[in-house]
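Presented as C-alpha cells, the chain that follows is alone, the form predicted on its own.
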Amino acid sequence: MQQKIKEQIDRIRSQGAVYVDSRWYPNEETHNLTMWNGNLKNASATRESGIGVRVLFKGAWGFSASSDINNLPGLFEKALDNARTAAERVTFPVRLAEKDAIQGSFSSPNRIDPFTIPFDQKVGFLKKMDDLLNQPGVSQRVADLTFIRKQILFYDSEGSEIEKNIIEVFPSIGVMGVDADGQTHRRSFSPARLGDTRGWETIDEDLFTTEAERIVRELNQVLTADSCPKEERSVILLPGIMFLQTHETIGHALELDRILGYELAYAGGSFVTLEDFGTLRYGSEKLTARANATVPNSPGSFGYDDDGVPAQDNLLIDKGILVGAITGRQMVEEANATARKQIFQGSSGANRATSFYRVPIERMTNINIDPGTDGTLEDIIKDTEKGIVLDGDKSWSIGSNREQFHFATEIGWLVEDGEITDVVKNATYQGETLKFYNALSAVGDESTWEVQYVDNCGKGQPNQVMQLGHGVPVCRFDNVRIGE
C-alpha cells in the first residue's frame, strides 16, 4: 500500500501539481461506555478506515477522500481535478512555508492499551463509581469512559514519510441535584494528567473514589448555598475552569486562520490583527502562554501535524506581550504576504484534521499557561482581601471576535480577608478579554499546574471535533464582575 500511494503521488506531481500529500488511516476506533443512574446507557464501538488526498495546483487546493482504497488512481485524480477547478477561481494563491522532508514515527506514551481491557472490567469500574455517587442529594449520576485508537500514515511529494500510532483515554464522573427553588446544579470530575503516560493506567480507582466523595459533598453544599453576589471581586480560577478560559480567549483567539478571517460563521473570528504581533499587551507581565505540542501526557501532543511538520513548543504570549500564533504552512505565508513583513518564521506544526475525510486546519495543540511564583492556592487565598474561588465549567458565552466572555461555573467559595467563608451557587464571572488578562495579579506555582483534557473542541465547516489539553495553574484576576 505504501508503494502504491507513493506511485500515485509521483504521478500527480508529474501532471503539474506543486505539492501532493496523503493521510492513510488503516484503522481508527472509538469505544464509549456510559452508565447513567446505574444503567449502562451506552456501549458503542465505531471503526473506520480510509485515505485523504490533498493536491496543490496553480495556487489552489483540491481534496478527495474515500474509505475504499481499491481505486487509488481515481482518488488521486479526483483531488487533482478539484484543484484544477478551484484554480480557476483562486483569489490568493496558496504558498506553503518551507519544511524538511522527514522520515519519522510517533507513538503516544501508553503502558496499557485500553482496548485490551476486558469489557466486564470497564463496566465494573463504572458500576463502582455509580455506587459511590449514589448518595442523598444526588438526583442524577453519570460515569463515562471514552477510548480512541488510531494509526495514521502520512506521505507527501517532498519526501516525508511519517507513521503515528495514538491512543487516548477520557474518563469522567458527574452528579446533579435539585435545590429548593427547583434549579438543577451539577458537580463533575475529569482527572488532570501528571507523569508521562496517557493509557488505561491513568484511571486510578483510588483517586476516583476520593473525587467521587468530594463532588457529592460539594454538590450538597451548592444545593443549600446562597446565590453568588452581584458585585466586583478578585476571581481565583482553579484549573477546572482556567482551562476553559485559556481555551476560549487565548487558544481560539490565536488560531491564525481565524485571525485572517477564514473562521467566522461557525465559531466567530478573533479581535487580534497581524499588526498586534510583537506589540499588543495581551495581559499583565505575569502571563506567559505557549502552544506546547511536546507535553507527553496530553492528546494535544501528536508528534507531527498533518502537514508533516514536527510538534513544537511555540511561545504565544511572553510576559504579557503577544508574540506568536497557532499556525500551519499555508497561513503563515499568507499572513507574511498580507502584512508585507515576516511575522512568522515558519509553521508551528499545528495543522490537523479530525479524520481522513477532513482537510487539515489550524487547531490548538496544548495551550498552556506557565506556572508563576505566587505560591500555592492557599498562599493566593491568604493574599486576597475580597475574592471568590471558582471551579468547574457549567456554561459559556463568547463574543463574536472573542473580545469578551461570560462563564458560569459549578461552584464558588467566597474569600474574605484571606480566608474562605461560604460556598455559593450560580457563580458566574464576565469580562473583556484584554482588560481581564491585564488584571492578572497572581499565578500559582508548579504545585497548582495541571493538564486538563478537552475531548470535544469543535471548529470548521463541516465541523471537526479534536482532542487537546491545557496545562494551567491557579490564576487570580482582580476587579472582575461576578454573579450576573
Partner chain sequence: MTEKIISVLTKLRQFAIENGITATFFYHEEDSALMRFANSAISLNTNEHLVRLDITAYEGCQRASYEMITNLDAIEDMQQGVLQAGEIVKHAQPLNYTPTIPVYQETFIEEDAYDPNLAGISNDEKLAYFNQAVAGLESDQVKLGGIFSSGRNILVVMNTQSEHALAHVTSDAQITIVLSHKTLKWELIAEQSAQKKDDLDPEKIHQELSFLLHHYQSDQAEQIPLGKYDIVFGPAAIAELVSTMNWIGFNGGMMKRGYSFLSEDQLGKRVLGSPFTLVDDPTQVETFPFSQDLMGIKREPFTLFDQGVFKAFTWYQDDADEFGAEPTGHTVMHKSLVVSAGETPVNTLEELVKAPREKDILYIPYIHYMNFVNPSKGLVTGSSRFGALLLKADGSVVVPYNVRLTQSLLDIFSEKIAWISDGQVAYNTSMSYGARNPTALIVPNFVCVKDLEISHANSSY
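Numbering follows the first chain given and starts at 1. What you see is a predicted model; the values in this text were computed from it and never measured.
The protein also exists as the form predicted in complex with the partner chain; that form is not presented, and the subsequent description refers to it.
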Handout entry: Partner-contacting position among T384, T249, S270, S301 - heavy atom within 4.5 Å of the partner chain in the model of the complex
Key = S270
Completion exercise
Among T373, Q183, T224, Q342, just one has a heavy atom within 4.5 Å of the partner chain in the model of the complex, namely Q183
Completion exercise
TL;DR on 316-324, 352-360, 157-165, 232-240: the one with heavy atoms within 4.5 Å of the partner chain in the model of the complex is 352-360
Handout entry: D120: touches the partner chain in the model of the complex, heavy atom cutoff 4.5 angstroms
Key = yes
Exercise for the section: Please run the contact check for Q430 against the partner chain in the model of the complex: heavy atoms, 4.5 angstroms, yes or no? Expected result: yes
Exercise for the section: Answer with yes or no whether E484 is in contact with the partner chain in the model of the complex, where contact means some heavy atom within 4.5 Å. Expected result: yes
Practice task
State yes or no: in the model of the complex, is some non-hydrogen atom of D204 no more than 4.5 angstroms from a non-hydrogen atom of the partner chain?
Solution key: no
Handout entry: Every residue of R193, T279 and D417 near the partner chain in the model of the complex, heavy atom within 4.5 Å
Key = no
Exercise for the section: Enumerate the residues of 399-413 that have a non-hydrogen atom within 4.5 Å of the partner chain in the model of the complex, in sequence order, or give none. Expected result: G399, S400, N401, R402, E403, Q404, F405, H406, A408
